[in-house]
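One chain comes next, on its own, written as structure tokens: the form predicted alone.
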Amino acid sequence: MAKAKNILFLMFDQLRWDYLSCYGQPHLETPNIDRLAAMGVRFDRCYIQSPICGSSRMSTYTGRYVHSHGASWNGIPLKVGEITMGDHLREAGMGCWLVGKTHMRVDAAGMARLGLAPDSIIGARVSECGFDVFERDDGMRPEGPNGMYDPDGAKVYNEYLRARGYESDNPWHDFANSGVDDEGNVLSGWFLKNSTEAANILERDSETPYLTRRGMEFMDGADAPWLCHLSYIKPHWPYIVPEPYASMYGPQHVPPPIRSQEEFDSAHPVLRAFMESPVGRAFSTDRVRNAVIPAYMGLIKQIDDQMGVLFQWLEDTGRMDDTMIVLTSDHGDFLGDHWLGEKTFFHDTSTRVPLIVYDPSPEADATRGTVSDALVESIDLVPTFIEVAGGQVPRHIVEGHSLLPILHGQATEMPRDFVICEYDYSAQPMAEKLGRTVRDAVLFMVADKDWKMVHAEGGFRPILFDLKNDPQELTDLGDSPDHAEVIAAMYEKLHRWTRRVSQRTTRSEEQLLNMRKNGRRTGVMLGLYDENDADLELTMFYRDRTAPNRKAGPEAG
């Protein structure tokens, strides 16, 4: 359908949609990302499918809801057998390569059960979420009493840093994500007070420029057609950035928090548990926000500058003419809004993400520089990429919808009237605090353009926000008798979604329709009283047949 030969799929980790100037950020200019938006379509209502790295990405990489693929939190493996973006694209003749982060955890037990060796081609792809790997860097190498969070985290990047003279057993921490005082003491980026420090690293050696160069190295040597998933680690915590970005922003650039005392005092029990978590309490203080947000903004400014480097290289090498560019995030960051830190709840601060798509094809000329208000989900990227690669979207597997009709001016809305997001907090301390079992420590968000409702399993009332009259989502109407009809309508949408057929992935709709028609053509004649009750053609193999009488056994004759 499209003229793009290649796809550059850019993802940033924990990038808020409203911290880009093309989405309205008043103090942080992002001219390079804004320029991409002017060349393509900026989607204003793109929602993720889970407000945490791992499960959000697994939905993006499979085109399926969390409820379908089952990898519902960080560290929960994607099941062997789940078909991914790479599987679909390779079938259509397009390579699918990773440079950066996936947060994928391999289903080692499933692979062992099926005899899939991790070092085989198929085993390696299953282990890496369907990607062929140029360089994987999940950007996380913290260490505690029980060892490393991710022993392979930043592995190649650490080797690069040591080769550059950053000597340490963990240069990712000691240089790229920490400051240093005059005595040479490491000021760890894990402690939020140190967010005001400049990272102890030359800017070009920090994570964002490093991954930009690695992405260009891949594209420079790749055989087309390809999808390159250039997946950046920042602006995800640790919140610390090298100069000159460390000095660009200060407390005077920190926006007032989106929150109210009434919101806290009347908070739903589950939401209150998140507010009262250590992260929520920390980010509810001015000292944390004033330290963290300037560093967060500096990280985003560095990202935008690197996009300028990347886009200029694409133009200089002629790749801008035949490469679709998709820029998005896996989730946002509360940064103290709604008395919360991190990303693990359902306000737009977390679940609404930037999505900018540049399509070089002539069909997209009519929509360049436009803004779409359509309800989009991150699972829509997989079917979009399949169509760009020239493949047919397998609707019995992929649950998203292609964006090409909007990109090509053939539609203004998506074929859905609500979006879904899910969160499994069964492994989190607040589940114990709330007395929840593993089974009922789960939350579902259903939203349309007017309303957002959050359902909490375990007998809780719903949470309801009026998005038109309360776009900042400060007033919970979930216990309002005046909104009972709205709540019922939102539950109808949620229940409609839960009734969808999502696990029948081994037969397509076309195959099922053929089975309706062709069952009798394979000799199954259920319900026939007489052979003449069916067409002769269908019963021809049962007519005019003879056989010796063997009722007394074969020896009797």
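In this text, residue numbers run from 1 along the sequence as written. Computed from a predicted model, the values in this text were never measured in an experiment.
Only in words, not in the display: the form predicted in complex with a further copy of the same chain, which the text now covers.
Colleague: Let me know the one among 165, 362, 415, 250 whose heavy atoms come within 4.5 Å of a further copy of the same chain in the predicted bound form, would you?
Modeller: Contact with a further copy of the same chain in the predicted bound form is made by 165 alone.
Colleague: Please tell me which of 228, 326, 386, 192 lies within 4.5 Å of a further copy of the same chain in the predicted bound form, judged by heavy atoms.
Modeller: It is 192 that has a heavy atom within 4.5 Å of the partner.
Colleague: Counting only non-hydrogen atoms, which stretch in 194-202, 468-476, 346-354, 403-411 is within 4.5 Å of a further copy of the same chain in the predicted bound form?
Modeller: Selected stretch: 194-202.
Colleague: Mark residue 70 yes when one of its heavy atoms lies within 4.5 Å of a heavy atom of a further copy of the same chain in the predicted bound form, and no otherwise.
Modeller: Yes, residue 70 lies within 4.5 Å of a further copy of the same chain in the predicted bound form.
Colleague: Can you check whether residue 185 is within 4.5 Å of a further copy of the same chain in the predicted bound form, heavy atom basis?
Modeller: Contact with a further copy of the same chain, yes.
Colleague: Even though a further copy of the same chain is not shown here, does residue 539 get within 4.5 Å of it in the predicted bound form, heavy atoms only?
Modeller: Close contact exists here: in the predicted bound form, residue 539 approaches a further copy of the same chain to within 4.5 Å, heavy atoms only.
Colleague: In the predicted bound form, is there a heavy atom of a further copy of the same chain that lies within 4.5 Å of any heavy atom of residue 481, even though the partner is absent here?
Modeller: Contact with a further copy of the same chain, no.
Colleague: Scan 7-44 and note down the residues that get a heavy atom within 4.5 Å of a further copy of the same chain in the predicted bound form; none is a fine answer too.
Modeller: Heavy-atom contacts within 4.5 Å come from no residue here.
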